[in-house]
Structures are given as C-alpha cells and as structure tokens.
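Below you will find one chain, with nothing else, as structure tokens; this is the form predicted alone, and questions on how it binds or moves follow later.
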C-alpha cells in the first residue's frame, strides 16, 4: 500500500483524487499515465490518507465536498468523503490573491507547526507527500546550516517548510518521498538534497512537466539532431485557473520563467533568444489553457523555416496523471534506498530536474533513462531491434 498526503487541495490535487478513485473503480481508462500498468505497484495500491490547505473555504471540508465545486456529483467517488482537508502551513503562499487564508503556524513558532505535522503524519502512516500548492517566490539555500537557521527564524516558503517537515518525518518515523510538482527549488537545492540523503527520504522535482514544455523540449531535440540552427522561440500560455491568477504576480511568474526557458540552452547547447513563460490570466478559459508557439530555424543552404503551434490543454488533469506514476515511483525509490533525488525520474517528469546544475533533456531521451533506472525493456524498442 502507498499512503499519499496531498499538500494544496487545488485543481491538480482534486483531479488526482477524483481520477485515481475512478481509475481504481474501473470507471475510466489510464490515459495520461506514462508507465501505465508496468510498475510493481498498481493503481489500487495508492490510498489518499491526508490533505492540507490554507484556504478557509476548504479547510474542514472533505475532498468529496471540495470536488463538488469542480465536478458533477455523479462523477465524484463517495470514498473521498473519508478524507478531511486539514489546515496547512501558509507563510504567505496565497498573499495577494483573493482568498481568505490562515496557516497553523500563525501566532507561534514555525517549528511547533512542523512538529505537529510530523505527529499527524505518523498517525496517517504516510509514504508519499505531493506538493501542488500555488506557485510561490522561492530562493534556494544550497547550505544545510542556512536552511536550519531559516527554519528557526520562520523565514522560509511554504514549500520549504513542508519539505523540511517530510525530512523530519522520514528520519524519525519511516522513509518517505516528497514530490515537488511546483517550481520552488527543492530538488535543485543542495541543502534539501543533503538533508534528504541523511534522513532516509527521496525528493522528486522540480515543477511537473506537462503541456507545452515537454513538447518544446522534444521539438528542440528534433532540430538539434538534424543540425538545424534555431534562431528564436516564442511560447506563451494563458489560463484561467488559480495558478495563472497567481502568475499575474511578477515575482511568482519569474519562477515559472526559470523552469520553462532553462531547457533551451540545455538541449541545443547554445543561447537562443526566447520568450517562454505564462503571459496572462483570463478567467473564462478556466483550466483549459491556451498555448501558442513559434520556432524559427535555419535549414540547408541558408533557408529559414518556421513552426507555428496552437493548442488548448487541460492543465490540471495533465499533471494529475503524472502524479499517479510519481506516487508509485516514490515508494519504489524508498524501497531501493535511493535517498536524495533521482535525476532519471526528474528528467522525464519535471521541467527543472534536480539535482542542481543538471541538464534538462528531451523527454523522448529522458523516457529511456527512466526505463533503464526501472529495469524495464520497452517492447516497441525491442521489437524494432529484432526486426533490423
């Protein structure tokens, strides 16, 4: 059994919870889950045991009740009534957004709130923690001593506080995995990687790769392999969910810009003028974001070509499907005692794969690394080799 705690009961977490239960009930097919049924742990092995948020409109309600704000009641599994959303750590993660929020750290020392979380997680016997809170402005520490001092002073972000709490839990209670599906640098922070290595914990991150970013990486790999010189790239996204609302704040948008645009030079090996970032919030779009991309490149004999790509992508379900894999991979990594962070997993599932200074690579290449780490032979690949 894999006992999962959700951190941030927003659109992604709700799609994950509803989709997972429907999958276990045989109501939907497993489209959007890359590894499908190829892992030792099955979908039925995943159990959501806890949920945390700071939005006063959600705290105290069940995941079932929160899901009714998004889905028709005929779709939402009744089993989600058993999980109540608990108060999490705020640390101004929703500051500036139109939500009434309060964290359990308010009015007391942050370490006290963290200790309380660890005690609750012990009762839940949790294995995997999924961080899908709203994008926040975060700077890495890269020094464990500085991280410890910042925890004492309460000068960390919500993601950093949760990640620190998971490390304490793993060290005291049982090995565990923290999945950082937002841009906050956790797997890219030397301090956290060291802490996790020493605490019997695994961190996957950072920033789940869905939609346009993995497509861009694979297109750039295609151009690199054919020695076509990329001249410029423009890619923008507009959406209407809470994360896009948060990204209207410049310092939050900067975090996304870093994880999105960093792939270009990593894959091509040279600098390309680019504009790759979320560009706006438009409420009527809801969760189905609008994506537009232009890539200009030079081909043989100096001729210039251009690719124009336009798409509409349901943002939250795309990430939720990856989390079904990552939950199972988190349990497998712990059983292998692969503590710290794992590039072979991060390179495929994340925009900014840890550890720090790791290269972002095309997802078509990262997929092979992932299968190699798992010891899985790709059937199509093996069949193609045999036919040669």
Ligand SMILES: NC(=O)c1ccc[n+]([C@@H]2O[C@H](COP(=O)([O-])OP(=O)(O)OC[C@H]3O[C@@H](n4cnc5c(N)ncnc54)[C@H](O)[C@@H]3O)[C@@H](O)[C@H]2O)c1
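Everything numeric in this text was worked out from a predicted model, so none of it was measured. Positions refer to the first chain, counted from 1.
The protein also exists as the form predicted together with this ligand; that form is not presented, and the subsequent description refers to it.
In the model of the complex, every residue of the candidate spot (54, 243 and 315) has a heavy atom lying within 4.5 Å of this ligand.
For the options 319, 67, 360, 345, the one in contact with this ligand in the model of the complex, meaning a heavy atom within 4.5 Å, is 319.
Among the residues 165, 220, 132, 110, the one placing a heavy atom within 4.5 Å of this ligand in the model of the complex is 132. Residue heavy atoms within 4.5 Å of this ligand in the model of the complex occur in exactly one stretch of 113 to 121, 221 to 229, 140 to 148, 181 to 189, and that stretch is 181 to 189.
Contact annotation: residue 331 falls outside 4.5 Å of this ligand in the model of the complex, judged by heavy atom distances.
Proximity of residue 160 to this ligand in the model of the complex: non-hydrogen atoms within 4.5 Å are absent; the residue sits far from the partner.
In the model of the complex, none of the heavy atoms of residue 235 sits within 4.5 Å of a heavy atom of this ligand. This ligand is not shown here, but in the model of the complex it comes within 4.5 Å of a heavy atom of residue 208. Contacts between 80 to 95 and this ligand, taken as any heavy atom within 4.5 Å in the model of the complex, involve 89, 90, 93, 94.
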